[in-house]
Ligand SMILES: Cc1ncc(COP(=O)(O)O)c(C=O)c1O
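Just one chain follows, in the form predicted on its own, and it is written as C-alpha cells.
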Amino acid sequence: MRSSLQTIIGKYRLEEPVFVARPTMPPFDRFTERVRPLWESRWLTNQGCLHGELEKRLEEYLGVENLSLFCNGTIALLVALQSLRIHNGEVITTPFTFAATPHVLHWNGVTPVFSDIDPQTLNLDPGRIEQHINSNTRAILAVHVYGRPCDVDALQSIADRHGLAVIYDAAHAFGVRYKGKSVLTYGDASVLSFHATKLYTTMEGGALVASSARHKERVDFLKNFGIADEEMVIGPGINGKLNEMQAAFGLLQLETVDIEIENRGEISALYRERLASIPGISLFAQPPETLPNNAYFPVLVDEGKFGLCRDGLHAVLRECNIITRKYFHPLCSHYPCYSALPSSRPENLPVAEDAAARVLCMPIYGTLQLETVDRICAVIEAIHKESGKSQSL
C-alpha cells in the first residue's frame, strides 16, 4: 500500500503548505494608519483609547454587556475563576480541550475532575456530570468545542440544583448565537481567545464576558494588579491587560470578520459536499437553533470503513503539504500532570478516548481558496480508494 500512497503524494502534493489555520491580515497601510496616533500620544498600554473603543465595539458586535479585554484567553480564564472566588476544591471539566482549560484550574489551586463527553457534540455530557459532584465541587468549566454550543440549559439546571458556578471556555465561539442570542451570555462568565489561530484575532488576546457590571468591575481590578487608583491597591491582581497595538489590530479585524465567517461558511459547505460520500469519514451535524461561526471543520475517521487510521491519514496529508490537526489529541487527562487523577482513568472517559483517537481538523480560514479545498477532498478520496484496495487483497 505504501507504494500506491506514494503515487498519490506525487500526484497531489501541493507546492506550498496549506496550514490548518491562518490569520486573515488587514492591509498593512490600514494598520499603520490606525497606530500612527500612538506615536504621537505615546500611550501604548494601560487601557488607552483604542482599548476602550474595542471593548465597546465588541460588545455591540457580539450582543453582550460587561466585556473586558485581556492579553490572552488563558489569563482571562484564570481571572474568571478568581473573580468568582473559585480558588480551591474541585471543578468538573472536559478532557477534550486545549491544555489551558485544566491548567487554569491548577494555577487557581483547584483540582480538575474530568467528565466524559457527548458523542454527537464532543462537549461535556450533562448526563455524566452529577456522578462527580460532591461537597468539594465548586463549579462546572465547560468548553464550546469547535464553537458548537454546549447544552447550556442542562448544565445550568445541574448547577442550580447543586449551587455551582458555570464558566464557559468559549475560545472557539466568537460570534456564535444560540436560541437567538450570543452564546456568551450563558453561565456566570464566558471567555474568548483572540489568538492568531482564531477567526477573529488581536494577534494575541482574549476577553471575559462578565455576568454583571459589578462583576466586570471586579474583573477589571483583577486584571490590573488590583489597582483602584494611584495610591490604592485593593487586592492581589495580575497583569492581564491588552495593549493599544493589539487593540488597533482588533478594530481592523472587526471590520472584516463578517466576511471571514461567510468565507468559512462556503469552505465548510464544500467540505460537506465532497466528504459526505467518502466511507469512514464522519461529519458532525449542524447544531440546532445555532448561528455558527464555522471556526473549525472536524471529521472523525473510522479505520475499518476508510481503510486507514486517523494517524495514517494525517501523515499522508502532511506529506502532501496539507497540514491537518489531531485536535484534541492527546486528551488532557493523559498529560503526566493529570494522569494520576482518578477521573483521568481511560475507562471513565470512553467517548473522549474514542474521539481523541479519531478526530481530525481540516484546514479552514477565510483566504483558503475553494480550489484548494476541492483538492484536499480529492486527496482524501484517493487515499480511501487506495487503502480500500489494499484491504480487499
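From 1 onward, residues are counted along the sequence shown. Here the structure is a predicted model, which is why all the values come from computation and not from measurement.
We do not show the form predicted in complex with this ligand, though everything after this point is about it.
Choose from 78-86, 260-268, 195-203, 226-234 the stretch whose residues reach within 4.5 Å of this ligand in the predicted complex, heavy atoms counted.
It is 195-203 that comes within 4.5 Å of the partner.
In the predicted complex, does each of 316, 321 and 380 have a heavy atom within 4.5 Å of this ligand?
The answer is no; none of 316, 321 and 380 reaches this ligand.
Quick one: of 150, 209, 171, 141, which gets a non-hydrogen atom within 4.5 angstroms of this ligand in the predicted complex?
That would be 171.
112, 298, 73, 126: which sits within 4.5 Å of this ligand in the predicted complex by any heavy atom?
Residue within 4.5 Å of the partner: 73.
With a 4.5 Å heavy atom cut-off, would you call residue 98 a contact of this ligand in the predicted complex?
It does: once this ligand is placed as it appears in the predicted complex, residue 98 has a heavy atom within 4.5 Å of it.
Within a 4.5 Å heavy atom cut-off, is residue 327 in contact with this ligand in the predicted complex?
Because a heavy atom of residue 327 falls inside 4.5 Å of this ligand in the predicted complex, the answer is yes.
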